[in-house]
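The chain below stands alone and is given in structure tokens; this is the form predicted alone.
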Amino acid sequence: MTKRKLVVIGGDAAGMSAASKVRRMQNEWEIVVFERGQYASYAACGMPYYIAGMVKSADQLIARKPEEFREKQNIDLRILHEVVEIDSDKKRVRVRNLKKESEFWESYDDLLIATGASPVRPEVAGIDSKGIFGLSSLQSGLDVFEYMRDHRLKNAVIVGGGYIGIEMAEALLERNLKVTMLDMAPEVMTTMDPDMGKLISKYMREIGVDLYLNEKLDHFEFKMGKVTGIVTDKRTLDANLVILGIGTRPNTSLALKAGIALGAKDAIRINKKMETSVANIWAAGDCAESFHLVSKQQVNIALGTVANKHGLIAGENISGGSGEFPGVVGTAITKIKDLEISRTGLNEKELKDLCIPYKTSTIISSTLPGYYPGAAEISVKLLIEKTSGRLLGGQIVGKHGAAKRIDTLATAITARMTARDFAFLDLSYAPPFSPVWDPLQIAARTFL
């Protein structure tokens, strides 16, 4: 009997999670993974902390090397192999061996597309100058680290005040660079509401980041091929290192050329089983859609947490199972220096766009009882449905012990709880951990 064969395009979170799940369920199948980069199965979210010097070796970010997958799981993981074409009629992919500069066709019975996402690179003059980086792969993080090591740098400019931008601001401050951030929005972190983003902007200025908000990038200045400055619609900023934190785009050109349907933000359209519009082709991770449990719409959320879960469900169903990915609520967390930031559900702009009537409440409290050592300020904003009182979203900004509380709220939103339900949850209390009323419950009480 001929062995069934799975081919995976992409060897990071979603791809390797799926391949590993298939191997656990189907010991006899042939599994081949093609990864165009030099590294696979790595912690991309750890890159800013490696650049900062907090993570001492890039090897610490690699979960498992290709030879380990081959020897321990019999998964044929091939790095520096790029899939350049999908032929769904003949059930095969055309692969380019980047090291040997040769091409070949590889057949499949099932194909998983896990091609991830790439940083947005604006089409402006000077964008290809040396010293301008986007962060998406481990190699891109290594490139930043090596550029900083090999050049005497003074002025770093970050374009975009989202998660990558904020984490890289911390990293570059740790490396004693002058850090400037540029963003078109009135406040940083546009996934938060402006009133909460304002708290983050204020703190960033206090720790030495020069913020230029409501400004648009026009072009880059360069000399001898290296970036020397950024020109906005209002000023010129010196820069010999630029980090692009404008966002990401799903890598879906390969799928599109193969006739596979795209959906939200040009991500690959999938159902809850991770199936695409073409038989025997699946998709998972940053290149694929997810269903949002609050908005009830398809979205594209590029997070490692989502990618790993996508991969698990894809692997289960490729193996013959019947799992379904339930959806997301958009939970995310980050920090800069001592300030913790988190959010879940929908923000005000998203609710207005969806024409969902809502109410909000924002409170300032303490992470611990005021008398206990280490107590710090925490700001909590909750959004609820006006008619039912159902929790729709929430945001947290505060010091140590603040942000991870968002997980309780994400659970409550997933369970479709109301503010009243949430206020009376039997949460734990002891002075070293929380006030007698948790700050999130204090915010929920304001609606009662």
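Heads up: residue numbers just count along the shown sequence, starting at 1. This structure is a prediction, so every number in the text was calculated from the model and none was measured.
The next section is about a form of this same protein that is not shown, the form predicted in complex with another copy of the chain.
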Practice task
Flag Glu68 as yes or no: does it have a non-hydrogen atom within 4.5 angstroms of any non-hydrogen atom of another copy of the chain in the model of the complex?
Solution key: no
Practice task
Examine Val32 and determine whether its closest non-hydrogen atom to another copy of the chain in the model of the complex is within 4.5 angstroms.
Solution key: no
Exercise for the section: Give a yes or no for Tyr372: in the model of the complex, does one of its heavy atoms lie within 4.5 Å of a heavy atom belonging to another copy of the chain? Expected result: yes
Exercise for the section: Would you please decide whether Thr414 lies within 4.5 angstroms of another copy of the chain in the model of the complex, comparing each non-hydrogen atom pair? Expected result: yes
Practice task
Would you point out which of 224-232, 105-113, 136-144, 335-343 contains residues with a non-hydrogen atom within 4.5 Å of another copy of the chain in the model of the complex?
Solution key: 335-343
Completion exercise
As a check of understanding, the residue in Pro326, Pro186, Gly208, Gly259 with any heavy atom within 4.5 Å of another copy of the chain in the model of the complex should be identified as Pro326
Problem - Site check Tyr212, Cys355 and Pro357: each within 4.5 Å of another copy of the chain in the model of the complex by heavy atom - result: no
Practice task
Give, in sequence order, every residue of 406-427 that has a heavy atom within 4.5 Å of another copy of the chain in the model of the complex, or say none if there are no such residues.
Solution key: Ile406, Asp407, Thr408, Ala410, Thr411, Ala412, Thr414, Ala415, Met417, Arg420, Ala423, Phe424, Leu425, Asp426, Leu427
